[in-house]
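In structure tokens, the next block holds one chain alone, the form predicted alone.
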């Protein structure tokens, strides 16, 4: 028996658009393997929305986005100027996907839409970090009270199941230390500096040319993207109520080629870590460059890698690494969460 699942998507940038393409390729296998028929009935971006209760034509919507048009230009179903919140208020759907741009000022348009979806009994899958960083406890509480599911495995290190390992697979054990490379851009920069013996400015320019660093790289190179992800890990895995102000955050701008050479001469490597370290009844939370032994799992990560190491009381030390060269694995993680909601995981 096939179960029909109607999806509403807010945000059709790289992650949202790639989600549509992943759905196009994986929809039939998912129906066969899990008995889930997934259809996108609503999609919103900055232009407005497109709505069709019978399901939007994903190929057409992808083509619209590739041609640099907005969802509102979708023939017959486009609704210019309709906001994400207005869209979900007027749509029948089962799961809201928040793939909107991360906004650390007020969390919008994601936060208001997620609040409404959870509060009205809808499941939510998030790639957008802002609402979780700004209102984690509130959103979890709202989901619990309404009997909704809130999943967000794609918010920390893209396709790597960082959250799932910590929350689900380490259940029953205490996590004493977390070491994560959660920002691929900074790892790319320091890895190139180290392996090619080039200066920071040249490595940054290479990251920008490769499309993994923004023209304004502040959020990445000053540590704030990784800090947002560590806040999510602290709240979800460590169950420590945490805000950005609880973290010590340093960037990589001041790491010099000489620093990297001296570390290598001592048999060590400098990596951009997000670190949570148990100290008494609390954790020290830090983001910044850390000198690691060369045989450390995170020291061995390459240009395109992100990873995590969990130190536990009884399950030992568990590490995982992903090679991720673009946004597609994050989009696939969104699909993973949707499937897990209905597959009972």
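Numbering follows the first chain given and starts at 1. As the structure is a prediction and not an experimental result, all values here were calculated from the model.
The form predicted together with a further copy of the same chain exists for this protein as well; it is not shown, and the discussion that follows is about that form.
Distance criterion of 4.5 Å from any heavy atom to a further copy of the same chain in the predicted complex singles out 318 from the list 292, 318, 303, 62. Only one of the listed residues (210, 104, 266, 174) places a non-hydrogen atom within 4.5 angstroms of a further copy of the same chain in the predicted complex, and that residue is 174. Heavy atoms within 4.5 Å of a further copy of the same chain in the predicted complex belong, among the stretches 284 to 292, 40 to 48, 54 to 62, 27 to 35, to residues of 27 to 35. A residue is said to contact a partner when one of its heavy atoms sits within 4.5 Å of a partner heavy atom; residue 5 fails this definition for a further copy of the same chain in the predicted complex, lying far away. Though the partner is left out of this view, residue 91 does not reach within 4.5 Å of a further copy of the same chain in the predicted complex, counting heavy atoms only.
Using a 4.5 Å cutoff between non-hydrogen atoms, residue 169 counts as a contact of a further copy of the same chain in the predicted complex. Although the partner is absent from this view, residue 17 stays clear of a further copy of the same chain in the predicted complex, with no non-hydrogen atom inside 4.5 angstroms. Contact here is defined as any heavy atom lying within 4.5 Å of a further copy of the same chain in the predicted complex, and by that definition not a single one of 112, 119 and 139 is a contact residue. Taking a further copy of the same chain as it sits in the predicted complex, the stretch 179 to 193 never comes within 4.5 angstroms of it through any non-hydrogen atom.
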